[in-house]
Structure formats: structure tokens, C-alpha cells
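Read the single chain below, which is given as C-alpha cells and is the form predicted alone.
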Amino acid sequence: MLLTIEGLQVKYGKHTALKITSPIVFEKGERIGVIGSNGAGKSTLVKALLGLLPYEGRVVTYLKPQQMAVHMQFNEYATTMPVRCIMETILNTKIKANKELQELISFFDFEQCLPKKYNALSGGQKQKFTIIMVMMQKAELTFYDEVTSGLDFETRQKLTEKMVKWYRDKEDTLLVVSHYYDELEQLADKILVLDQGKVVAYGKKEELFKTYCGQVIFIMDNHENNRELMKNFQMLKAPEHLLAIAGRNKGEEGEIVSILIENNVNFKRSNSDIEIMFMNAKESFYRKQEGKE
């Protein structure tokens, strides 16, 4: 057990920003994705676990502060110095003398950025710089808070792929806060769903998907013809422009596929979709709160 959260509560005045009633455990080597709408309590959770906010309850861990690292959503560095100098000053090392730092710089294709000043870097280059600085801490637990926020799709994809590749064979524990579903599909093996400061769901991606979506789902355009074709099957909560149908067993899955192919419907079959899982976990949570389940 790396870290356990017990009865954690954070308040801003009279407003409860985060309330975790059931224990949450982080194990060594896990990759935990945290997702929720704006104001759900994601960043509040990170700051509380780092001791940056006062809270009620307990955070039990053997880790010391220096064994944790954090990538915050917004970072500020000196703008008048070359990036090389900032890096060497903060890390208290010379790049030429540090093979680990050289490896990271090369891995992120950052060599050409070293002579530049920080404010001359692009958004993606600034994120690479901060990630390198975080990774150099070699922490047992690392927090990434909206690491690709504000970047274009292609840059986000490349940066996420780099992070996945870097951590693939390492035992580091990661807690990744993101509102990008595709990012969490790649980086996380467990998901913590927050909404309005409450824990909606927490568990392995595959288990949460089965709980809230079934064995498999079929996603297609949401229009009258498709709704009519699928009227005898379970419709899941989905973005308005899409129709998501649950295939609860092999027989039902085969029946759905036959109907869709027979009617020439374009569809996607998935057994892992964090966005659909997230929406249906929230739907189930609030139905239970209202006593409807």
C-alpha cells in the first residue's frame, strides 16, 4: 500500500470542495486517472494530497514530501534565461555531466530548445520542459495535473505517447488528472470519477466499464432510424450526437451486429470507452442518491 485516503474533506469557507467518505487506496505501480467536470474537485484532491491545502480526515502514506513529484496545470519559470540554465540551476547539475538528464532531453527531442528562453518555447515545448523537470525527481508517486491542457490534438497525442513509452517498464505510481478521455485510455489503468466534490466511482478501467456499460457497447450516429433499429436493446447515456447500445452478453452482441450490418449502419464496437463509462457512472450515482436504483 503506497497511500490511503480516509475521510478526506476540503472546505473553502462553507463550501465543501471535496468529500471522500470511503477509503481509497493507491498501490505501488498503479496508474490512476482522475476525471470529472470543472469544479469536480480534481485539482483540489492533488493539492490536498500534497499538503498544499488544509483538510479534515487522514492521508496515510510512508512517502516523504521529497518522494513525491508534481506537474501542476500552470507553471512559471524565469523568462530572461536560456532553458538550459534554468534546467541546470533548478536541478543543481550540469547536462553534460548527467546521463539521466541527457537521456530525457533526447527522449523528448528537446535538444534544440535548450538555448531558447522559456517564453520563446511553444506550448508543447513548455510542457516537455516541465515533464523533464518532474521526471528527473525520480519520485515514487508523481502527480500530473492537466499535463496536455491547451495543446492541439497532434501535440497532445505525441506527448501522451512519449509519456506512455517512458513509463511502460517503470514501477512509478502516477496520478493523472485530465479531461481528455483518450489520454486516460492510454495512461491510466484505474479511474477515479469525481463530480461536485464527491467520489462517483473508483476502480480498474475494465471493471468500471463492465459495471456501468456491460460487456461491450456499440456506438453509432444518433438519429431516428438508428433509434428505431435499436429500440429493443439497452440504450446508454452518451453524447447527444451519438447512440450507445449495451451488448450484455454474446447472444445479444451477435443480434445487434446482425441488425446493424443488415441495415448498412456504420458503427464502432468497444469494450473500453472512458467517456461513455464516465457518463453512465454519474447517471447511476445520482439515481442511487435519489433512491431510484
Partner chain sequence: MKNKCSFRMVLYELRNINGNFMTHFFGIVFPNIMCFLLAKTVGSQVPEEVRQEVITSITLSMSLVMPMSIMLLGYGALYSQEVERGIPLRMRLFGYSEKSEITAKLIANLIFLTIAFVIFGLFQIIVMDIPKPAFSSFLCLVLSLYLLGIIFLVIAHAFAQIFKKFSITFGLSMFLYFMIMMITGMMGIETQQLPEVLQKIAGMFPMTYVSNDFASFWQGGSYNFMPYIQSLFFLGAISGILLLYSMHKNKRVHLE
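Just so you know, these numbers come straight off a predicted model, no measurement behind them. Positions refer to the first chain, counted from 1.
Another form, the form predicted in complex with the partner chain, is not on view; read the next lines as being about it.
At the 4.5 Å threshold, heavy atoms of residue 251 stay clear of the partner chain in the predicted complex, well away from it. Although the partner is absent here, residue 58 lies within 4.5 Å of the partner chain in the predicted complex, judged by heavy atoms. Shown alone here, residue 164 lies farther than 4.5 Å from the partner chain in the predicted complex, counting heavy atoms only.
Residue contact with the partner chain in the predicted complex: residue 48 places a heavy atom within 4.5 Å of it. With the partner chain omitted here, the record of contacts in the predicted complex names 134-142 of 103-111, 156-164, 134-142, 169-177, defined by a heavy atom within 4.5 Å. Note on contacts: among 89, 149, 98, 122, the single residue with a heavy atom within 4.5 Å of the partner chain in the predicted complex is 89. Just one of 236, 70, 230, 40 comes within 4.5 Å of the partner chain in the predicted complex, counting any heavy atom, and that one is 70.
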